[in-house]
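The chain below stands alone and is given in structure tokens; this is the form predicted alone.
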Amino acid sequence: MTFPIEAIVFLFLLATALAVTHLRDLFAAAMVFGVFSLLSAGLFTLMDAVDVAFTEAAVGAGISTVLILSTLALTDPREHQQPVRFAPVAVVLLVGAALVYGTLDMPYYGDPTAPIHKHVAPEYIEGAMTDFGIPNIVTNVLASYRGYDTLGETTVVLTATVGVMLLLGGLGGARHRGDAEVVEAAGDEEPTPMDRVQVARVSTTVLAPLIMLFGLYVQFHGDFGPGGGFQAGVIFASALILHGIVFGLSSLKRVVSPRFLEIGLAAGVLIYAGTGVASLFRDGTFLDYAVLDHHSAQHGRHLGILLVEAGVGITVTCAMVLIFFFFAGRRAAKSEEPGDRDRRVA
């Protein structure tokens, strides 16, 4: 009997998780955590959840690792030993046992008699081609069948980003505009360490446009294969963040300003919601894309999905880059004395 590859990947996941808990070097822990996300993406791929795997690879192994490393620049790179507390361990074990117990009566993985395969799933599969003409069923489900839910998720991205901005820029005691001026002044006088490495400069100059091009492919090919606004937004953001890491925040600010990103953050949600409002004005229900084209309901649905996915991509891109701006801006502000900051701004 062949040992299933899914079980092997799962064992690697357990080993990686245990390694993260035992590491005291936070940089190494961040790297291993990125490996954990990459293994998770591989496991999702083996389970035929390619869209989920795409998102996990882009968000978990990609942008999250960058943001964790940005956070480490503001903290101690090593974890200080804490006294052993048994109460949290007991809570974790009890919750874990309850979750495992709750899965005992679930259908087996891939069971064709599972309830999900008998009710809504057949309708989604049939409607994917007859109603939408779009091969990627996941796109149909996310943008149309559960379009209200995806609009809520996009709004959550907007709200969470605003919360990060308040915590790092407002409640943290440093206004974002002031930090941006400090970063711009400092960046004009002294290059970043990565900026001195010719290989990094050349590689980023070549790779960044290719990453953006791939992001466009993922954005507009999400109807026919794995992809969509969430994945494409993270890919766009990774290209911009790579530019900021290598060439500095002042250079990134010249490419895309924080004010532009703040406008785009809200504009993406407005594009999504506005598509639903447009369907109301054309005598349809909210997010009923069929009425967007009175000559072809299928074309109207396809057009509506493209519009809402574009809104998602814009919001996610702006959210990721704004968060990076705030993390990196605090690092630049922290590296200067208060008197130096006042002289620079003056």
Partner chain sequence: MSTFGLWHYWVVIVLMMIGLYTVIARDNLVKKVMGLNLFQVSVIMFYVSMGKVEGGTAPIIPEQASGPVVYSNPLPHVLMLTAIVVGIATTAMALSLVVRIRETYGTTEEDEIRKLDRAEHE
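Residue numbers count along the first chain shown, from 1. Treat the numbers as computed from the prediction; the structure is a model and nothing was measured. C-alpha atoms forming the largest set that superposes within 1.5 Å between two forms make up the rigid core.
Absent from the display: the form predicted in complex with its partner chain. The rest refers to it.
Of the heavy atoms in A328, none are within 4.5 Å of its partner chain in the predicted complex. None of the heavy atoms of I305 is located within 4.5 Å of its partner chain in the predicted complex.
Using a 4.5 angstroms threshold between heavy atoms, L213 stays clear of its partner chain in the predicted complex. Mapping the unseen interface onto this chain, V164 counts among the residues with a heavy atom inside 4.5 Å of its partner chain in the predicted complex. Within 4.5 angstroms of its partner chain in the predicted complex, the stretch 61-97 places a non-hydrogen atom from each of I63, S64, L67, I68, T71, L72, L74, T75, D76, R78, E79, H80, Q82, V84, R85, P88, V89, V91, V92, V95, G96, taken in sequence order. The rigid-core alignment places the CA of T113 less than 2 Å apart between the shown form and the other one.
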